[in-house]
Each structure stands twice: as structure tokens, then as C-alpha cells.
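What follows is a single chain, given as C-alpha cells, in the form predicted alone.
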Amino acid sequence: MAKKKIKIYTTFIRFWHWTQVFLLATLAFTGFAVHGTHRLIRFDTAVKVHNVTGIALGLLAFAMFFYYITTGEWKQYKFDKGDILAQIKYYTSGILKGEPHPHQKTEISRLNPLQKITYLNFKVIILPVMGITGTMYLYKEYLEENFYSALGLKLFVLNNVAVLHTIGAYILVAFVIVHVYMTTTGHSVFSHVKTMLTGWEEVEEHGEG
């Protein structure tokens, strides 16, 4: 079957993706150092780097949101519910049988239905929760002095926020592990990674006759 190359990822999308990879890796490394999981760097250094990286990720997320709204990229997350079952079937059995992928990438629909659901939840739930709880912890002394103490919410700040932030961190780590695995399910082990580096992907042409 004939194949053609199409532009899947713009320069900005690729920049955003790899910058986010770097920032999330830095946040995970420093965050687990702050948590005491490892002692590879000093605690105070980990805190400073973690805070600065968190702010950088927030700015990147804002830039991405602006990009999505102004360019119409938000349409990438529209999907037909009927396609979800086909995608689940492919990942649970079809991929093992060598069946063709049920979702064909195009310039305006590069994500399959499960990716759309997963990435949307990642962007609108997980990252905001991490950002909000992280910001609350960053300014906890100010908030406790001027807000929480008056409402008797000191335990909420010291315990619940930390728990939510830690749970979110483990969810992010799980997401990254699954995401890295899914990059190996393309035409070749590194084809998806190559596409994210170059922006171009080779797809089959489905013409008549």
C-alpha cells in the first residue's frame, strides 16, 4: 500500500513537548528528593530547583493553553465515543495479532480516542492539581498567617495538600511510564519518537481501487 508523509506536529508542539519532558523529569527528581525518597542532591537545593521548575511549567502550560485557543488546536480533543471501544480492543488484543491501528493520524486528528481522554485529563485535572497544591505549599507561611489560621485550616495545609501533591506525583510518574511504553507501539519501536522530533509521520494512503 502506498505511503505518504504528513506533518503531524508543529515546531511549537514539539518545543512544548520536549520542554515539558525536561521540566517534569526535573520536578520528579527534585520532588522525590524533597520527599526524602533519595539523597542525591541537598534538600535546600532540591526545594529551590523544584520551585523554579514548577513556575516554569506553569508558564509553559499557560503558553500552551493560549496556543490551543488561538490556533484551534483544542479541536484535537474532539472524538466519537464509538471509537473508544475499537481503540480498547486494539490495545488489548488487536495489537498482539498485528491488526491495523483503528485510528489513522491526520493533520487535524493526530490523537486516538484514548489518548484524547488521557491527555485531556492530564492537562485539565492532574497538572492543575499539582500546580495549585504546589503553589499552596510554596506560599504556605503567608497563607497560614493571613488566611488559614483564621479559618482553622492549618491541618489542611500541612497534611492534605502534601498528600494530594504526592499522589499527583505518583500519578504523573505512572503516566510517563505508560506514555513511554506507548511510544514503542508504532510502525517501529522509535517511529513515534522520531515523529515527535521531526514533526513528520509516514502514513498509509487509503485510496479507492
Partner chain sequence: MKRRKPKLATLVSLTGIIILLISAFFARNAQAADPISGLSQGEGEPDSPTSTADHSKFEILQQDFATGPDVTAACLTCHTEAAKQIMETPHWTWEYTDPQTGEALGKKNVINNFCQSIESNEPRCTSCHIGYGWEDKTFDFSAEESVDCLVCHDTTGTYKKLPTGAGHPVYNEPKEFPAGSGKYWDPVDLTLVAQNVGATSRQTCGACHFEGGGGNGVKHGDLDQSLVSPDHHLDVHMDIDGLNFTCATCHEPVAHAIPGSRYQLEAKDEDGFAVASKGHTALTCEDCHGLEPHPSDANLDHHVEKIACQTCHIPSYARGGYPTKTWWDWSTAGRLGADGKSITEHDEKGWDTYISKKGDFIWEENVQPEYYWFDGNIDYQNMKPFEAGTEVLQVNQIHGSPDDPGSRIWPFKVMRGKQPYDTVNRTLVTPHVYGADDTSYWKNFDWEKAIATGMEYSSHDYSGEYGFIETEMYWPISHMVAPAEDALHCDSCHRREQGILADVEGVYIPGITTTPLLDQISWTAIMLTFVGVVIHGSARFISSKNRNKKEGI
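Numbering follows the first chain given and starts at 1. Note that the structure is predicted; figures quoted are calculated from it, not measured.
The protein also exists as the form predicted together with its partner chain; that form is not presented, and the subsequent description refers to it.
Visitor: Among the candidate stretches 68 to 76, 122 to 130, 109 to 117, 87 to 95, which one is within 4.5 Å of its partner chain in the predicted complex when only heavy atoms are counted?
Guide: Only one stretch qualifies here: 87 to 95.
Visitor: Counting only non-hydrogen atoms and a 4.5 angstroms cut-off, does F147 reach its partner chain in the predicted complex?
Guide: F147: no, not in contact with its partner chain in the predicted complex.
Visitor: Would you classify F62 as touching its partner chain in the predicted complex, given a 4.5 Å non-hydrogen atom cut-off?
Guide: F62: no contact with its partner chain in the predicted complex.
Visitor: Does the 4.5 Å heavy atom contact test between I55 and its partner chain in the predicted complex come out positive?
Guide: Judged by the heavy-atom cut-off of 4.5 Å, I55 is well away from its partner chain in the predicted complex.
Visitor: Is T26 one of the residues lying within 4.5 Å of its partner chain in the predicted complex, judged by heavy atom distances?
Guide: Flag for T26 set to no.
Visitor: For 40 to 76: residues with a non-hydrogen atom within 4.5 angstroms of its partner chain in the predicted complex?
Guide: Residues within 4.5 Å: R42, F43, D44, V47, K48, N51.
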